[in-house]
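The form predicted on its own is given below as one chain in structure tokens.
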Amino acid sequence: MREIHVSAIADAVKKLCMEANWDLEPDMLRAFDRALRTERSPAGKQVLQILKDNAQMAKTKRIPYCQDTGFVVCFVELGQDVHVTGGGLYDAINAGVSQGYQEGFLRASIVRSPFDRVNTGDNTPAVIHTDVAPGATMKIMVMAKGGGCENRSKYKMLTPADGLEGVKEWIIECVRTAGPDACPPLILGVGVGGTFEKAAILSKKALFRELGSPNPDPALDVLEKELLERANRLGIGPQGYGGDTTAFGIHILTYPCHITSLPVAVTIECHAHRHKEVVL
């Protein structure tokens, strides 16, 4: 049994929250470069260059890439041979979020209730998903999820009769209706199967796969490429100014489902896709 103290967890989460908002991951920067080579629209290319320059400025000056510093979504892969000491795991994660957003001067965007709308003041609580895994390590994955793109995420209970073609049409419709509101070029996380809540969680988790990497499932890899090509033919373009780059990537995760069901969840992510991870 390996012990991990809550102070180490809180400190790690604090750093992840600040770095996610200041320093875009290399896979995102590579996506900008790929798009700049292929984008044919002058306006679209100009926007992509501005976004890339903004990323460099945020990293250099250690200031938020975007004023919407997001709702913290945290996935934890907890090794079954790990013992968390000194307090509760979720309390430690929320302590790290609070410290990161206050010490990093990041905007507090969370209200304590959907009805009274009183700001919590430190961007807590996070949304936390935990999986138990073999081993004696703890992997923490943090995403700063902006409100604009989250508001364009969608869920639909399709029927088995809708089949693969129905799933494809629904995903493309989600891109079309998101339009410029979700700050394209977009990244889509798609969860297919499971139950109502399982599909939604899968759609969030799918976003943590490295952008530009192939889906481990060859059939899903082909599907992702087809959908990405179709999405980019919509012509919405960077920030809605038109062009070839409406989406950077579409990542799909699936799960077994009931014989009567075909749930599909689509999490829309903006072009910044602020995410970081660490293994303790």
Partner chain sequence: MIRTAPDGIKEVTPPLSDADIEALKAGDRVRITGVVYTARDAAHGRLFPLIEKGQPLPIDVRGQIIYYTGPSPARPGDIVGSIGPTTGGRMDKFTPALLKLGLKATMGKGARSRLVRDALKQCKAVYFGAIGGAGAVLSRFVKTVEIVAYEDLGTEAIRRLEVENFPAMVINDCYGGDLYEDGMKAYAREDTAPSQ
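Remember, it's a predicted structure, so these values are computed and weren't measured experimentally. Residue numbers count along the first chain shown, from 1.
Below: the form predicted together with its partner chain, not depicted.
Taking the shortest heavy atom distance, is E173 within 4.5 Å of its partner chain in the predicted bound form?
Although its partner chain is absent here, E173 would touch it in the predicted bound form, with heavy atoms inside 4.5 Å.
Can G212 be called a contact residue for its partner chain in the predicted bound form at 4.5 Å between heavy atoms?
Answer no; every heavy atom of G212 is more than 4.5 Å from its partner chain in the predicted bound form.
Is it the case that D244, even though its partner is missing from this view, gets within 4.5 Å of its partner chain in the predicted bound form, heavy atoms only?
Output for D244 is yes: heavy atoms within 4.5 Å of its partner chain.
Although its partner chain is absent from this view, report whether G135 comes within 4.5 Å of it in the predicted bound form, heavy atoms only.
Output for G135 is no: heavy atoms all beyond 4.5 Å of its partner chain.
Do heavy atoms from each of C66, A108 and I236 fall within 4.5 Å of its partner chain in the predicted bound form?
Checked in the predicted bound form: all three residues contact its partner chain.
If contact means any heavy atom within 4.5 Å, which of 84-92, 70-78, 188-196, 98-106 contacts its partner chain in the predicted bound form?
The contacting stretch is 98-106.
From the list A126, A200, C183, L207, which entry has a heavy atom within 4.5 Å of its partner chain in the predicted bound form?
Only one listed residue qualifies here, and that residue is C183.
Do any residues of 48-65 have a non-hydrogen atom within 4.5 angstroms of its partner chain in the predicted bound form? If so, which ones, in sequence order?
Heavy-atom contacts within 4.5 Å come from I50, L51, D53, N54, M57, A58, K61, R62, I63, P64, Y65.
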